[in-house]
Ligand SMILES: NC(=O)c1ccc[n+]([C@@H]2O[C@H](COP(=O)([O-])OP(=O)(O)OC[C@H]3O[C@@H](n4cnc5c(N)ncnc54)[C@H](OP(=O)(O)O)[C@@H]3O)[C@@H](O)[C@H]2O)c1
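Just one chain follows, in the form predicted alone, and it is written as structure tokens.
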């Protein structure tokens, strides 16, 4: 891959939904990045989007026109999961690098195909797992691995909220990979992976709700909630939960032999705290609590955190890398295999499978 040497990395955004807006807002804060174009299936949608982020942003009424823009270096794909592979193929064939929303695809086979396509075209590809790029999470991961907070024995992470959407919304459409696992469960699974390494085994239970598929007309079972447990090296365990029908804490916690780490809003935290505990040898009734320690990020958080993800892509493009060391292809595939195994255990199937 040729190193991108432009003074500014030029971005195009493919699709104009909620996540695309969140990414665009943060992209404006990245010093060496510029949003130059946006594409939608409907030109008015692209024009309305472009008008919000600068006078010079070009609007296209098709994805084909977007990827044909010679001024675009890298495409951010913000469509529903089911369309990621065809969108990425289009971008690669247009000579563009790709940052693709999570999960990369609906299946391991499709993710492997996307990664292979990136290699065949000599293009950079990264799954948009902003949590893995978050400076606070990275600082915690590094210091935990160095043993500063003791040996981790248990990770708990949960993410959930009540989804109130129309029946044809992509969050409820089985044709588009709807369900708590892919939209929310990927976060606790990733957090446990970042902190404990690859799971040696996973088990899961899911609350399945059968709903008519709005695209194919076929029924599909959507996982409205899912609970997962994992075993990791050294005897560490993880409990993970995701829900589309209940409000969770959206927090993570790590229990170690020296104390406890609390991570509110763990997928993009603003604060991480380690509370040390006295060792058993020092434990007395009047020992009193030990002072909490704030775990500070190694670098500033850009916007809400999507900016750090974009900055990592820019760094990799300038270094001539085909994948990011923060979100390597192997990690993406590991998490895809985990979710595929969880789907097998719980009976989650998408139309056509």
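For clarity, every value in this text was computed on a predicted model and none was experimentally measured. Numbering follows the first chain given and starts at 1.
Keep in mind that the form predicted in complex with the ligand is not shown, yet the notes after this line are about it.
Colleague: Using a 4.5 Å heavy atom cut-off, which residue among 180, 238, 128, 137 comes into contact with the ligand in the predicted bound form?
Modeller: Going through each option in turn, the one that passes is 128.
Colleague: Only one of 188, 103, 230, 174 gets a heavy atom within 4.5 Å of the ligand in the predicted bound form. Which one?
Modeller: So the residue touching the ligand in the predicted bound form, by this definition, is 103.
Colleague: Would residue 244 show up as a contact with the ligand in the predicted bound form if we use heavy atoms at 4.5 Å?
Modeller: Because no heavy atom of residue 244 falls inside 4.5 Å of the ligand in the predicted bound form, the answer is no.
Colleague: Given that the ligand is not shown alongside this chain, does residue 79 nevertheless sit within 4.5 Å of it in the predicted bound form, heavy atom to heavy atom?
Modeller: Close contact exists here: in the predicted bound form, residue 79 approaches the ligand to within 4.5 Å, heavy atoms only.
Colleague: Can you work out whether residue 332 and the ligand are in contact in the predicted bound form, taking contact to mean some heavy atom pair no more than 4.5 Å apart?
Modeller: Flag for residue 332 set to no.
Colleague: Could you confirm whether residue 314 comes within 4.5 Å of the ligand in the predicted bound form, counting heavy atoms only?
Modeller: No, residue 314 is distant from the partner.
Colleague: Choose from 80-88, 230-238, 257-265, 147-155 the stretch whose residues reach within 4.5 Å of the ligand in the predicted bound form, heavy atoms counted.
Modeller: Result of the contact check: 80-88.
Colleague: Considering only 326-344, what residues come within 4.5 Å of the ligand in the predicted bound form, judged by heavy atoms?
Modeller: Sequence-ordered list is empty.
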